[in-house]
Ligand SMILES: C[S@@+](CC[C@H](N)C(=O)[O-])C[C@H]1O[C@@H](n2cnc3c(N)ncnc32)[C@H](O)[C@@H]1O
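First, one chain by itself in C-alpha cells, the form predicted alone.
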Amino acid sequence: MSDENKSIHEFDLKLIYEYYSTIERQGPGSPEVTIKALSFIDNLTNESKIADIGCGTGGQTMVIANHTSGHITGIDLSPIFIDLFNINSQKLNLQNRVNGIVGSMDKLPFQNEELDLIWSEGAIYNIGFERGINEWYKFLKKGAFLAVSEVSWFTEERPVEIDEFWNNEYPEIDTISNKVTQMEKTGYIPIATFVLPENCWTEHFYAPQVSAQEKFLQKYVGNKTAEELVENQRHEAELYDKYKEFYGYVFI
C-alpha cells in the first residue's frame, strides 16, 4: 500500500465492529495463553468479581470462566460484540455468572476496591496503557490482580517502516521494560511478564480473517471504505510476517 494507508482508528466504527464480529478473537491471543496468564493468579474463589475490559465477543472471557468460579462482567463499547458475548455465554451455560454489558473503559460501572481481577487482552490501547492502568487501579481490592496484553517493542531499535507504522497506529507502543516501569510507578507489583507466541497472531488472529475478508468484500462489493478496511488488515498481517522479531503482544 502507499502513503494513503489509514490507521484502523480512522474507519467507521460500525464497519469495524461488523468485520471483527465474524471472527472468534478480535486481537492476537489463544486459549493456551489465557490459561497461562491465569496460572499466575492464585486467590480467586466463588465470590470473586472479575471484569474483562474490552472483552469483544468473549473469546478469552469464556476461557477465563471455564478456569475460574467467580462472577465475570465483560465490558465493550460495541453492542454487536456484547450481543454475541451473551449468546456465547448462554451456549456454554455460563449466563448465571458471565454477563456482558455495553460500556466504555473510561467510565467503568464499578465501585472502588470492588474487583478481584481486571482482565484486558489486546484492548487497553483503546484508552492508552498508562491511562488505563492508572484509572483502573482504584477498582482493585488490596491484593487483587491486573492482567493485560499490550503490543510492545522487543528491541530498542527497529526498521523505519515498522517503527512508523506502529507509532502511527499506537503512539504509546514501548519496550517491555518501560511498560513494567509504568506499572510499578502506578503502584502495581509485577509478578509475571511473557511474550505471546507467534501462533497467537498467525493461527488465531490473521488466518481466520482470510475467509472473513472474502465474505465481507462480497457483501460490500464496490464499497471503497470496506475495501480499504480489508486492505488495511492485510497490510498489517504482511508487516507482522516481515517484522515479527521486533514486536508482539506481551502479557503484563
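The structure displayed is predicted, hence computed values, not measured ones. All residue numbers are counted from 1 along the displayed sequence.
Keep in mind that the form predicted in complex with this ligand is not shown, yet the notes after this line are about it.
Stretch-level contact analysis of 176-184, 150-158, 85-93, 98-106 against this ligand in the predicted complex, using heavy atoms and a 4.5 Å limit, identifies 98-106. Between this ligand and the residues Ala123, Leu115, Ile133, Ile72, the one pair within 4.5 Å by heavy atoms in the predicted complex involves Ala123. Of the heavy atoms in Phe81, some are within 4.5 Å of this ligand in the predicted complex.
Not displayed here, this ligand is approached by Tyr17 to within 4.5 Å at the level of heavy atoms in the predicted complex. Contact check for Gly27: a non-hydrogen atom falls within 4.5 Å of this ligand in the predicted complex. Along 33-59, a non-hydrogen atom within 4.5 Å of this ligand in the predicted complex is carried by Gly54, Cys55, Gly56, in order along the sequence.
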